[in-house]
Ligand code: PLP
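Below sits a lone chain in structure tokens, taken as the form predicted on its own.
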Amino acid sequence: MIYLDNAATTKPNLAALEKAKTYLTEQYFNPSALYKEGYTISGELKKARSVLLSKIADETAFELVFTSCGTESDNQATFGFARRGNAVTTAGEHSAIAAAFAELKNKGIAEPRFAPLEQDGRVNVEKLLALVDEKTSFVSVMHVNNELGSINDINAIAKLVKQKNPRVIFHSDGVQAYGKLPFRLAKEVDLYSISAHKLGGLKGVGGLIKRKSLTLAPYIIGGGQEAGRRSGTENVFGIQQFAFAAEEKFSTLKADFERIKTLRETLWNGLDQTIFQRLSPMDGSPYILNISAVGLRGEVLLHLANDKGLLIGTGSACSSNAKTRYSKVVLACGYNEQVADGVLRISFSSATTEAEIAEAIGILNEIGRDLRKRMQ
């Protein structure tokens, strides 16, 4: 089996899993318990929080609230700060933001505004800024587009937004960027969502990085965990495994970035370009390559590839249950339905090998040519 759907989820880091196992079998105590064992676990969580936060942010200015996933983090940011006037985002956001913005309208909380995309999947910054006015309370711009891999310069965009309205709270969904891109958060970014299972962590763990000066209203209430900002007993095992996996991932981040970029280009250059069209930009995240077999159905190709042992995607796994046939992101980039129907998303991890890429090229070319012949 060749697994190239790492934007959907990654294989858990086994070394980090083994290292964290003690938090299941021995140090399984509730971090809120008052006895010393609970206090010790609370201290371990503090260390893990520091590890995860320090990789991209100044710990004197930012703090990290643990959540169950990137979707919860996006929702908490949106419903916590889009409270009045209007809220601005892009037409290329993950459904965790897009659906939350739709709910803002449904509940009469704030007017949602959507900035258009460039053809390469980045937001049109000029038009985004035109939507920001004195009534804007919240702006959310995805760091790396989860379908095309396009990179938005969120630090620069946040600075421009704040220049127009300093009261705006700026958020970014960083799920596809954390542990993959070399960057650090600027002071103009207020909130940033991350997720464990995109870099070798476990499903069920995420985080919302926030500027310390912000008052974050709890989205889940009850026991008052996470300093009252997110109730529910912390997933100590999952959090520790996330921290261990992140330590390993960040230690090779720059080397991985260059190696994966080479693999991505090798794959693209090996494909039959009379069948496949490239949608992902050259300077996007090296971890995502979006292509279209124009005139063919991407979903059919996905299943044909699966039959030959190659696992790929057609877009966001979180949108696979959507009623629409076509990727809204690809359409928002200006492509027609024929292009959008043929989309395949190939996504890599630090474990991806040259041999896997070579075999994937052969499979994709074979099934693409065969399907085209059958369609003629």
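Just so it is clear, the model here is predicted, and its values are computed rather than measured. So that there is no doubt, residue numbering starts at 1 and follows the sequence shown.
Beyond the structure shown, there is the form predicted in complex with the ligand, which is absent from this document and is the topic of what follows.
- Heavy atoms within 4.5 Å of the ligand in the predicted bound form belong, among the stretches 264-272, 237-245, 156-164, 139-147, to residues of 139-147.
- None of the heavy atoms of residue 86 is located within 4.5 Å of the ligand in the predicted bound form.
- The closest heavy atom approach of residue 225 to the ligand in the predicted bound form falls outside 4.5 Å.
- For the chain shown alone, residue 277 is not a contact residue for the ligand in the predicted bound form, no non-hydrogen atom being within 4.5 angstroms.
- Using a 4.5 angstroms threshold between heavy atoms, residue 210 stays clear of the ligand in the predicted bound form.
- Contact annotation: of the candidates 64, 69, 45, 331, the single residue with a non-hydrogen atom within 4.5 angstroms of the ligand in the predicted bound form is 69.
- Contact with the ligand in the predicted bound form, defined as a heavy atom within 4.5 Å, holds for exactly one of 229, 197, 122, 249, namely 197.
- With contact defined as any non-hydrogen atom lying within 4.5 angstroms of the ligand in the predicted bound form, the contacting residues in 167-195 are 173, 175, 176, 195, given in sequence order.
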